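The chain below stands alone and is given as structure tokens, in the form predicted alone.
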Amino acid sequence: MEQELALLWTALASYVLAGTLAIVGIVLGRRPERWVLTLLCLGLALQSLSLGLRWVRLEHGPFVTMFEILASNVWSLTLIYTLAYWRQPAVRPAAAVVMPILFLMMGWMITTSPEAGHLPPTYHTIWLWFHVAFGKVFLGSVLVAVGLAGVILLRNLPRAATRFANLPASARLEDLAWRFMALGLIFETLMLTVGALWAQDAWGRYWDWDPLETWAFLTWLALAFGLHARMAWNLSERISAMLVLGVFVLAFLTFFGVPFVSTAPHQGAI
């Protein structure tokens, strides 16, 4: 376990350095994008090794305990944002919003126990892999969108306006944010569909309105409503950005709040 944790802490240090560089670059009007991308990739490589070693040792994926769930989500969210950072230059300023969110998740993870947990029998199914993968892509897509929405909101603040003046126009950021939200809707739909198939195998029913299922469906409705509102109504960029933020908050609570307070069979950390 010591080697796993050493790799993990080194990866987190690389993420923190990348995020700090990105934020300082915004403040100082510099663009250390190559260094940020290099440090993000280094952190991902190190954390991949850490997760892989744990996987081999425990003989199951990182989705049982709170520590594993947070660690795997830090990895997946960073991976999705890094891919977006690499392929879409307009996404890069969003690091000033995205990285602090990831820092909070890292800090939360550090406070949890890295000890192994019990793998429930219901986790021995192929549907789990698809359900988890689709969910991570959904949340990662919404995270990128909320980073772009955050830039739009920050540049409306008097003291921050000059820091974001040379970045892409808000209209461009808003359009890109909703493209990522649309991608998120696709993958959340897949996540819910596969989750229903898993529930049928695990508990003999496709849907039971337990707390997590209900909140996941509410998140889907909020995301669908947001996309409809953006296309049907002439929303200001500020209102549109706040709508993105609201969907993300709901999604975050669904992923990291409801499963760990619910007493229903569909609960989180074991």
Partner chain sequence: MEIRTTPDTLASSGMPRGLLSILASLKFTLVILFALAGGVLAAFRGDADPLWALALPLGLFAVNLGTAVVLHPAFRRQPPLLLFHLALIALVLLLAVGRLTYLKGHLELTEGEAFSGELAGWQAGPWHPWRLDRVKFINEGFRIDYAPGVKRGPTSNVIAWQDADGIWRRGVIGDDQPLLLGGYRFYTSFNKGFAPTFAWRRIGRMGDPVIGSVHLPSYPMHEYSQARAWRLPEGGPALWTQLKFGEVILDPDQASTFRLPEKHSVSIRVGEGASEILREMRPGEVLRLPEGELSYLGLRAWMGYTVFHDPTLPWMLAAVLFAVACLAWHLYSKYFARPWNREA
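Numbering follows the first chain given and starts at 1. On a predicted model such as this, the values are computed, not experimentally measured, just so you know.
There is another form of this protein, the form predicted together with the partner chain, and it is not shown here; the text below is about that form.
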property	result
One stretch from 104-112, 175-183, 71-79, 138-146 that, in the predicted bound form, holds residues within 4.5 Å of the partner chain by heavy atom	175-183
All of Ala202, Trp215 and Leu235 with a heavy atom within 4.5 Å of the partner chain in the predicted bound form	yes
In the predicted bound form, the one of Ala45, Met231, Leu28, Val56 near the partner chain [non-hydrogen atom within 4.5 angstroms]	Met231
Gly61: touches the partner chain in the predicted bound form, heavy atom cutoff 4.5 angstroms	no
Contact test in the predicted bound form: Pro32 vs the partner chain, heavy atoms, 4.5 Å	no
4.5 Å heavy atom contact, Leu190 to the partner chain in the predicted bound form	yes
Contact label in the predicted bound form: Ala224 to the partner chain, heavy atom within 4.5 Å	yes
